[in-house]
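One chain comes next, on its own, written out as structure tokens in the form predicted on its own.
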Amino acid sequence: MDSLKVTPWEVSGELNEGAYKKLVEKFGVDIINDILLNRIKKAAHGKLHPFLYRGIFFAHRDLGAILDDYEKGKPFYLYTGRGPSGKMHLGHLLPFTFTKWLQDTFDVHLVIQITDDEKYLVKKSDKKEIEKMAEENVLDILSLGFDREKTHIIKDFDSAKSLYYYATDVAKHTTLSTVKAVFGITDSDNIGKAFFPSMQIVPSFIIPAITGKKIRCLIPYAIDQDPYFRVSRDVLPKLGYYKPSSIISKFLPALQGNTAKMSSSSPESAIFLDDDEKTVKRKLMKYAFSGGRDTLEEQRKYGANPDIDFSFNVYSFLESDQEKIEKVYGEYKSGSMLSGEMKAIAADKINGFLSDLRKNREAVKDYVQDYAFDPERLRL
């Protein structure tokens, strides 16, 4: 655990179950238990997303409050985001597939914040480069098919006036000592890095702020982003809003296993959305961590461990048919399926997924502006 580092700007170290357990204790979040899963399943018309029953989204803050409201017929809205630090890979996009499931299942508005300002303040990149990357990332995200009427893309530079107006309320009620303690900011950091959390907190109350309606916000995010929303839960009641609720995910491990997460700065650790079919197959065959045995004889005799196998896990994230997942799991675990076969199945599933995204991405270019944040579109 000593080598593990998890902050909003850096994740390194081994991401095993013990590490996640300690992060839960450190951040003070709650595990999603069977009671909550059953409530979600009931609210979702008897269906659970694979990320829930496989424990990818595994922790929460006040998820019960969202379900309480929904069961009473009260609406809520979703908020998630993306920092445009580079081109996107599967690890970036898969949480958005879960967010889309939430939007489709509960028929709710969604705010997606693109934090181009944060990347300028934190990374060594110029604004033009970041803005271009933000445009590309938005197309990648929208290629999943979010509801055009109920999805609102906030690019911070473009929406600065709306965000800043409310960010000053957050800033006024947040001390510098809090920001230093929560985010590890030091006297040598630029002052923008200290103010930025105020900007990222705004979408967690922007709909009730604009509409005047008392409505809760549910935020799906990976656990490294939790510091922002610990602060927001302290500040928002002071401003007269509900504390935001959270549903929190683990990371998609690197191809090489759980020693790290997929990273844009390490091309061989990730499968990128623009990787062609040959590249996907090559990466899986050469780099993907296998739960299989060392020899063919041992594999046939003892079977594999699908739970730690990169190819099986990515396949199970993308395959919507639970019966197919269970069939592949059983065959791989029993030894009747070999590691190379598992990788080939995963490659086909990934390449099909990426092919569909590329087609959708081209189509969405024609109406991407329809998703741009506009207060007048916030009809609940």
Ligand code: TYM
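Note that residue numbering begins at 1 and tracks the sequence as displayed. Predicted, not measured: the structure shown is a model, and the values here were computed from it.
One more form of this protein should be noted, the form predicted together with the named molecule, which is absent from this view; the next part is about it.
Worksheet item: Given that the named molecule is left out here, which of 215, 94, 102, 179 has a heavy atom within 4.5 Å of it in the predicted bound form?
Response: Spelling it out, the residue with a heavy atom inside the cut-off is 94.
Fill in: Listed residue (205, 77, 228, 310) with a non-hydrogen atom within 4.5 angstroms of the named molecule in the predicted bound form
Filtering the options by heavy-atom distance leaves 228.
Discussion item. Counting only non-hydrogen atoms and a 4.5 Å threshold, tell me whether 82, 119 and 222 all contact the named molecule in the predicted bound form.
Written reply: Yes, the whole candidate spot contacts the named molecule.
Practice prompt. Give a yes or no for residue 170: in the predicted bound form, does one of its heavy atoms lie within 4.5 Å of a heavy atom belonging to the named molecule?
Written response: The answer is no: residue 170 has no heavy atom within 4.5 Å of the named molecule.
Discussion item. So in the predicted bound form, is the named molecule close enough to residue 232 to count as touching (4.5 Å, heavy atoms)?
Written reply: Although the named molecule is absent here, residue 232 would stay clear of it in the predicted bound form, with no heavy atoms inside 4.5 Å.
Worksheet item: Looking in the predicted bound form, any heavy atom of residue 200 within 4.5 Å of the named molecule?
Response: Looking in the predicted bound form, residue contacts with the named molecule include residue 200, since a heavy atom lies within 4.5 Å.
Fill in: Contact label in the predicted bound form: residue 252 to the named molecule, heavy atom within 4.5 Å
Flag for residue 252 set to yes.
Worksheet entry | Heavy atom contact within 4.5 Å of the named molecule in the predicted bound form, the stretch among 186-194, 298-306, 86-94, 124-132 | Comparing against the named molecule in the predicted bound form, the contact stretch is 86-94.
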